[in-house]
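Just one chain is shown here, as structure tokens, and it is the form predicted on its own.
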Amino acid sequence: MFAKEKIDQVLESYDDFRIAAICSHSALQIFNGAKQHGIKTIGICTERFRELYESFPYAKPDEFIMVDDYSRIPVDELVEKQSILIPHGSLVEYTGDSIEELAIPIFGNRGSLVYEKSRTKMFKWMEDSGLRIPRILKPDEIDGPAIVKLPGAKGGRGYLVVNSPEEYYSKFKESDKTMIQEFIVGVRAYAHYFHSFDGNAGYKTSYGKVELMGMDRRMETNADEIARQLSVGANIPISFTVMGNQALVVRESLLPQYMEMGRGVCDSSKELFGGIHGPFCIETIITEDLDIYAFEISARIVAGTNILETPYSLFTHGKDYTTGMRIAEELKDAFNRKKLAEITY
């Protein structure tokens, strides 16, 4: 992992800052949030997508840096332009392990992204947070429906449900890096949080406050159209590739559990890797008995935050407030108080 001291030295050379992001995932929201707080932005973009981002005047970056491949982050140029990189799912997916060595300030704690990428580390984090989680299985332990997941932020692409060891081995090799989870039947709810060292709202943690910004339910290609498939006699393998998001409001009696879960994730992160800062998501399933199972943590902004119709940010901030706006506000406040080093790595 690139040394924190080196990142702090980079920040000391900044007399201003810009927000930079890969033009993908939730970049429109990030750029719009920065614009609302008067912060200049840089879009790392391929030629294919430039016209798209130029077509949204209130969410296009102030400047583009063109690249051939999103896996190649132009670190030197970004640092020269006094940039802070905002991590999202596409950055995690395209850069892979190299994200640990990027010599540029990243909003939040890149150690949290290391824990997100490693299934072993993630479930250690979840267990230490006190979350109820589905069983993690070895292939020979499969004794009913189980979902097999591939590493990385792939938006559900390639996930499969298997019902026996034999079915698993017919579809995967022993060398495949998969994670097998007990399949829990229920409604998926993705809770979006924001942790701040100096926040005025939210649940107290051991080192700040955690806010609930919103919730969504992901729409997964033919998994969400299974009834229509069956009704016409189609026999199509189920797919969990995410194609979009729907706003979700859970019954109010469940909110205390979600706030406790957010606090638990923050408190355990402090012990494990020095703490999480900024946005994260706990991905959950609510069963018919209203038990909440957490099956993953996304340790950065998630695409479900692009939905603006959930009320939780309104209840927290007194107005509709996107996670992109919240990121910009946090960075601007930290810069003005000369505390950027506390919230970037």
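Heads up: residue numbers just count along the shown sequence, starting at 1. Just so you know, these numbers come straight off a predicted model, no measurement behind them.
This protein has a second form, the form predicted in complex with a small molecule, left out of what is shown; the following refers to that one.
Visitor: Can you tell me whether Tyr159 touches the small molecule? I mean in the predicted bound form, with a 4.5 angstroms heavy atom cut-off.
Guide: Taking the distances in the predicted bound form, the answer for Tyr159 is yes, it comes within 4.5 Å of the small molecule.
Visitor: So, in the predicted bound form, is Arg218 in contact with the small molecule at a 4.5 angstroms heavy atom limit?
Guide: Yes, Arg218 sits close enough to the small molecule in the predicted bound form that at least one of its heavy atoms falls within 4.5 Å.
Visitor: Do Gly208 and the small molecule come within 4.5 Å of each other in the predicted bound form, heavy atoms counted?
Guide: Residue-level check for Gly208: no, no contact with the small molecule.
Visitor: With a 4.5 Å heavy atom cut-off, would you call Phe197 a contact of the small molecule in the predicted bound form?
Guide: So Phe197 does not count as contacting the small molecule.
Visitor: Among Ile285, Val67, Ala59, Ile307, which has at least one heavy atom within 4.5 Å of the small molecule in the predicted bound form?
Guide: Flagged contact: Ile285.
Visitor: Quick check on this chain: which one of Phe240, Phe273, Tyr258, Tyr203 has a heavy atom within 4.5 Å of the small molecule in the predicted bound form?
Guide: Going through each option in turn, the one that passes is Phe240.
Visitor: For the chain shown here without its partner, which stretch in 182-190, 90-98, 260-268, 168-176 has non-hydrogen atoms within 4.5 angstroms of the small molecule in the predicted bound form?
Guide: Stretch 182-190 is the one.
Visitor: Are all three residues Pro134, Ile147 and Glu296 in contact with the small molecule in the predicted bound form, where contact means a non-hydrogen atom within 4.5 Å?
Guide: So, yes: the whole triplet contacts the small molecule.
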